[in-house]
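A single chain, nothing else alongside it, follows as structure tokens in the form predicted alone.
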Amino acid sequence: MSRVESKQSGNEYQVVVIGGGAAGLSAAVTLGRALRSVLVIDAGEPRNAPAAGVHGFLSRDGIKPQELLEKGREEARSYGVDFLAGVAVAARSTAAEGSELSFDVELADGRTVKTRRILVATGLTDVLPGIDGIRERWGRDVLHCPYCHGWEVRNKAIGILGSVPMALHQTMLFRQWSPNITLFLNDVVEPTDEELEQLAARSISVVEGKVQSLDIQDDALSGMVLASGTVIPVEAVVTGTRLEARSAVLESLGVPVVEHPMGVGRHVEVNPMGGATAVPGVWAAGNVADLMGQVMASAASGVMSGAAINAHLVAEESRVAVQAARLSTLPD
């Protein structure tokens, strides 16, 4: 049997991967290498598109996000993976009672793709604070993760925007990268006496009052503007965001989306050994399940999910083969 024949079954794919980021592409490569027929449906809206580079990814530190994805697609195609540009909006089970798992994946433009298994790797959406300038500077000099961006703003004047309960945690972390840290309480954060003592001990300034906007000069961040009109000079701003899993397809299948135990947003709970969801035949990998995972962690989860899906298909195919063999030995 040829390689193509072993992978393809009519117009049905063995696995449809929804999302073409680090998690989805890693899963696709893993499954392609396992001789599975795989389709990646990619909306082309990666979360880290505004960033100048990907960091913390061994051997690829600083690579542009788009370049990393292009390399990933090239690798996946070398193993026979197909790609479809589009937005998957829903999916539904098409399996008759007692039959093997099968699904239809529906795209926004009306197209439908058939598959035996689904991996959702659609990532998340950052819900940004409603302060003028935040969205326009996001990924440039408005940041969120010290391990992703701390080196690039080391020793600069960094303002921590009090926008989420973890702002104090962010403040203490970023102090590792710069001695010039200012925490803007923004009428949101209320440090305890103990926390104020810690901030003072680390020479971290604290500014009261609501932040109104960012001050931009010559396409560069120069300060934070308070509602009073006072401008506090900063060269970078750190803000927390609410992290919302892009979960429409999962919810259409009946997969529950729940509040993260740390209160940072909503995600999908999965089996940590491979990413299986509560719905048979459906997996999730990357930030849709792990809200705080960096790019390398998302890629690793994609590999694990790809292996788990292949094992699930092997088990199904073995059951079918045994049933066929038993039927073939029955007397006429």
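All residue numbers refer to positions in the sequence shown, first residue = 1. Because the structure is predicted, anything quoted here is derived from the model rather than measured.
Beyond the structure shown, there is the form predicted in complex with a small molecule, which is absent from this document and is the topic of what follows.
*Asks:* Whether K156 contacts the small molecule in the predicted complex should be assessed with a 4.5 Å heavy atom distance threshold; does it?
*Replies:* Close contact is absent here: in the predicted complex, K156 is far from the small molecule, nothing within 4.5 Å, heavy atoms only.
*Asks:* Is there any non-hydrogen atom of V38 lying within 4.5 Å of the small molecule in the predicted complex?
*Replies:* V38: no contact with the small molecule in the predicted complex.
*Asks:* Find out whether any non-hydrogen atom of D126 is located within 4.5 angstroms of the small molecule in the predicted complex, and reply yes or no.
*Replies:* Heavy-atom contact with the small molecule at 4.5 Å: present for D126.
*Asks:* Applying a 4.5 Å heavy atom distance criterion, does G86 contact the small molecule in the predicted complex?
*Replies:* G86 belongs to the contact set for the small molecule.
*Asks:* Considering non-hydrogen atoms and a 4.5 Å limit, which listed residue (P272, P280, G44, G263) is close to the small molecule in the predicted complex?
*Replies:* Checked against the cut-off, the match is G44.
*Asks:* Just to confirm the contact call: exactly one of 303-311, 263-271, 27-35, 289-297 touches the small molecule in the predicted complex at a 4.5 Å heavy atom cutoff, so which is it?
*Replies:* It is the stretch 289-297.
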